[in-house]
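Just one chain follows, in the form predicted on its own, and it is written as structure tokens.
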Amino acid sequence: MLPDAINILGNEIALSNLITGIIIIASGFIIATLVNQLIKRVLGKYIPDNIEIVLKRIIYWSIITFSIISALSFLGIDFTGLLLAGGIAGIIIGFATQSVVSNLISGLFLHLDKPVKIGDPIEIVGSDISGRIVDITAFSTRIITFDGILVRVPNDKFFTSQLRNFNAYIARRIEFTMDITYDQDINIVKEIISNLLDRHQKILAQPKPIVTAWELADSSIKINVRAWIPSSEWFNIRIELLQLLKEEFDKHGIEIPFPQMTIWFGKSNQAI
């Protein structure tokens, strides 16, 4: 015949309560496993494996711990001293791991929000950090700067910063200004530049390139050039276009002026 109660660590525990406690713990393991499977199914395609593993472990052991404490409390075991000590320890650990948890959550949000992806050239506004994204881990984002230096940025700082993503869209506008002398015909210069842009295979037809007389400066007329090109080739095409435009100017005898100043001497009519 089974006893009505069992003595565990000096506590008389009813057999029915013990069985209920075991069921609570077993249910905790089952629920934790199901939640992990749900996380993998729902979030698995949105977050990388390293963040998924860390997130699953935190949730799994949190559920298990909660179920064990609930079961033992149901059995009448006094946790007052343990909870007090655990609360103090929890506060200390919380302060110590605040940045770690913040970086982990920010890393999760980065993968859900997707402001950047691996390979994107970016700039963190308000800092001197700019380069190409090489990795986004659970706690930090790795950037190779344009001069070849690896920079590690904590995810919480990266997520809350204003970012410029130079490769987010398929096309990007290029813009620069060419100076010509005042004795040049503006319409002829605009036609030469427009013809060059029309011939270039990587200049997009839409939006249409724009060539305008932008400013009548002290020593020159400034011609503004705007055209849309593939984002992935922005840097190379910009360099190429500047060289091609200089060659076209040389071919047609168009002078790019240097700064000039006229000095008048008092009431005389002489000037240099």
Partner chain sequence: MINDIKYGQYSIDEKAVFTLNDHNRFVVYRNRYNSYVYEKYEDEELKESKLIASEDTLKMDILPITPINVPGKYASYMMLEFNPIILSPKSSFTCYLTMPVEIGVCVDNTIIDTYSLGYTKYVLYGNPERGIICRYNKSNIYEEIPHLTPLIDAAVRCTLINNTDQLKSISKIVYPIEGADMYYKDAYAYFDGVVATIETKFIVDIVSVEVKEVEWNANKTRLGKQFKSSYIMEWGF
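What you are looking at is a predicted structure, and each value in this text was computed from that prediction instead of being measured. Numbering follows the first chain given and starts at 1.
Separately, the form predicted together with its partner chain exists; it is not shown, and the next lines address it.
- Here the chain stands alone, but in the model of the complex its contact with its partner chain, taken as any heavy atom within 4.5 Å, falls in 223 to 231 among 243 to 251, 223 to 231, 65 to 73, 31 to 39.
- Checking 175, 198, 183, 113 for any heavy atom within 4.5 Å of its partner chain in the model of the complex turns up a single hit: 198.
- Proximity to its partner chain in the model of the complex, taken as a non-hydrogen atom within 4.5 angstroms, holds for one residue of 118, 170, 125, 149, which is 170.
- Contact between residue 202 and its partner chain in the model of the complex is found at the 4.5 Å heavy atom cutoff.
- In the model of the complex, its partner chain lies within 4.5 angstroms of at least one heavy atom of each of the following residues of 206 to 224: 206, 207, in sequence order.
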